[in-house]
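One chain comes next, on its own, written as structure tokens: the form predicted on its own.
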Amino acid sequence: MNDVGAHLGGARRAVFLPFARADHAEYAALMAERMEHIDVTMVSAHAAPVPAVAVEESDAILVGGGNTFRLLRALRQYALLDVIRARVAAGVPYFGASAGSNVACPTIRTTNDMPIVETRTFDALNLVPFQINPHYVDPPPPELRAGETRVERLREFLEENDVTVIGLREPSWVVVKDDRMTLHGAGGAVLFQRGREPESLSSGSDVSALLAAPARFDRAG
């Protein structure tokens, strides 16, 4: 969690959104334990009388992992999407793990999760103009394959949507600051773009160009 503390940049009050998991209190307690060594007061949005106010009053936003569909449904139910966008636009740091990284994208269409709940639309926070596929797994050798690989699924996504996808291996993450974005972590990543072969990226790569990459998504007819 040292990297999280560095990313928060001196924030004193962080709000945690535990809505990707079913037991909010248990997840909030787990996150509080992990944050003990970071000099920041953490409040969980599930325990706030009005979650949107808790976001507005915090100077850092943490969004945990779990099921992305459940998380997005909660963000809509509690009217948090516009509030989070406004706070990030004002300079408040955002940290998203797994499902929390999925909702930072324009849509949640590159999540690995099952749609265990319904959500009106896949549109998410759009904090970055590209898609993330967290927990990316490279395909095994042909003789060990059984069923679709992650590469095949992401290629299917690109058949219908012309937008860059970053497959983040474990452990890896991207950090966006102003107009610069860098890749961190030992796992590296794989870059997917329509009409191109997947490109492997190593830790430390400057991927700032992706912040200006155009995106076109399929829309319901």
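Because the structure is a prediction, the values reported are computed rather than measured. From 1 onward, residues are counted along the sequence shown.
Although it is not shown, the form predicted in complex with another copy of the chain is what the next lines describe.
- Name the stretch, out of 41-49, 159-167, 28-36, 182-190, where some heavy atom lies within 4.5 Å of another copy of the chain in the predicted complex. Of the options given, it is 159-167.
- Message: Does another copy of the chain, in the predicted complex, lie within 4.5 angstroms of each residue among N67, I108 and R120, using heavy atoms as the measure?
- Response: Answer is yes for this spot.
- Does E148 reach another copy of the chain in the predicted complex, with heavy atoms at most 4.5 Å apart? Output for E148 is yes: heavy atoms within 4.5 Å of another copy of the chain.
- Query: Does the 4.5 Å heavy atom contact test between L211 and another copy of the chain in the predicted complex come out positive?
  - Reply: Although another copy of the chain is absent here, L211 would stay clear of it in the predicted complex, with no heavy atoms inside 4.5 Å.
- Message: When the contact criterion is heavy atoms within 4.5 Å, does N133 count as touching another copy of the chain in the predicted complex?
- Response: Residue-level check for N133: yes, a contact with another copy of the chain.
- Query: Taking heavy atoms and a 4.5 Å cut-off, does N126 contact another copy of the chain in the predicted complex?
  - Reply: No, no contact at 4.5 Å.
- Item | Within 4.5 Å of another copy of the chain in the predicted complex: residues from 71-96 (heavy atom criterion) | Read in sequence order, the residues that approach another copy of the chain (within 4.5 Å, in the predicted complex) are R73, Q77.
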